[in-house]
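Here's a solo chain for you in structure tokens, the form predicted alone.
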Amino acid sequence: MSDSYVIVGDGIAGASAAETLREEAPDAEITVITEEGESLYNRILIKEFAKGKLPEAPISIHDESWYDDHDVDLRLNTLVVDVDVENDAIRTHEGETIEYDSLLLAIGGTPQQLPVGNADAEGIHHFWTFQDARKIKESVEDADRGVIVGAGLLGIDFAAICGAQDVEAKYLMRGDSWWRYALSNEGAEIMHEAMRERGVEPVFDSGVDHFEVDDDGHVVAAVDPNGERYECDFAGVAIGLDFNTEILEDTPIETDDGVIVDEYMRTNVDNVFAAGDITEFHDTVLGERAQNGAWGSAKEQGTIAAHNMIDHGSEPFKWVSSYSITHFDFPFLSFGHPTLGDDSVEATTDEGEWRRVALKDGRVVGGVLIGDLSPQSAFKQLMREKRDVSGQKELLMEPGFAVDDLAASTEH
């Protein structure tokens, strides 16, 4: 009999696993289960759709015919409610039991809700799925004033959407800058100014104490902890994800914030693997456990998981992730783990380009580039090689930096 593989989740992690399994195990039975009502789409492009810059058509990656053509059993609108690792089976919300030889959990997360009054009012949006993007686009097109909450990479998408739709917005941030764990005030101010140019005003040391609603239950204002009131008919909340581990609570599968896996994407249960946002994986670059939900990282994890579902130990996950923002007149890229480290070095060039590199124990662990992205390959190489740059970190800020510059410096 051929092996049977069940994949829970049809995001890029689950889909790349299905592609790899079909390529390497042409006779295998492959089932893909997803809560969503549509097959794989480009999660990166849905923000452009919400901005009004793209129609729906280019966003789809796998239409349903792809699954038929590749003999993959796709189950849309299907919720997995139980994982039975003793009997190698999952159960769906409809009571169906599906058995597997190997299981991949690519179940991602759910946007966190603000724990404040009226946080579920009409006009308050979270941004994760294509269906979310459709609702956001419809809502923001009819809006005049917006409020954004969540000073990170997802929150800035709401800022860009408001700017593109000519909605004046207040961006309420708890700290004194955007993404303050990865950027200094100098780097963050570049982003603040770009927001202001699009009609989005950062408000620091703020947040939301509660929302006010009208008689129809639609949001009309956000009130911050300082008592300041910001009128709005659209609000975007992006404060993080709750990872979907609840279906694993009564199983021996080890979880923390997500599902814990080794460098082969395998959990502590031999035939159960995980990939994508949900994973807390052994980062071979850091040498410790890490979590990263970037598109490229999730795609690679799905591929690596599939290789190891077929032949465990055949290929470890070695990846330096990156995340780009393309909303403004300059490029922005973060790589690795820019919020980690015990040291950092940064610089601004005469051309207004800015970079920051985070270091831990003398090694590069991540960073952010604004304007000039050309050093990213060199920095990623240093991460993969675990090169100690102690005493040479200022060289990382030199225009045109290359890895060979460090070698030359060491020789002297």
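Since the structure is predicted, the reported quantities are computational estimates derived from the model, not experimental observations. Residue positions are given as counts along the sequence shown, with the first one as 1.
Below: the form predicted together with a small molecule, not depicted.
Enquirer: Verify the contact flag for residue 324: yes if a non-hydrogen atom of it lies within 4.5 Å of a non-hydrogen atom of the small molecule in the predicted complex, no if not.
Expert: Yes, residue 324 lies within 4.5 Å of the small molecule in the predicted complex.
Enquirer: So, residue 12 and the small molecule: in the predicted complex, are they within 4.5 Å at any heavy atom pair?
Expert: The answer is yes: residue 12 has a heavy atom within 4.5 Å of the small molecule.
Enquirer: How about residue 47: is it within 4.5 Å of the small molecule in the predicted complex, going by heavy atoms?
Expert: Judged by the heavy-atom cut-off of 4.5 Å, residue 47 is in contact with the small molecule in the predicted complex.
Enquirer: At the 4.5 Å heavy atom threshold, is residue 376 in contact with the small molecule in the predicted complex?
Expert: Residue 376 lies outside the contact set for the small molecule.
Enquirer: Pick from 78, 118, 308, 177: which residue has any heavy atom within 4.5 angstroms of the small molecule in the predicted complex?
Expert: Answer to the contact question: 78.
Enquirer: Sort through 143, 286, 294, 221 and report the residue having a heavy atom within 4.5 Å of the small molecule in the predicted complex.
Expert: Flagged contact: 294.
Enquirer: In the predicted complex, does every one of 8, 34 and 106 come within 4.5 Å of the small molecule, counting any heavy atom?
Expert: Per the other structure, all of 8, 34 and 106 touch the small molecule.
Enquirer: Look at the stretches 169 to 177, 251 to 259, 226 to 234, 152 to 160 and give the one with heavy atoms within 4.5 Å of the small molecule in the predicted complex.
Expert: Careful reading of the contacts points to 152 to 160.
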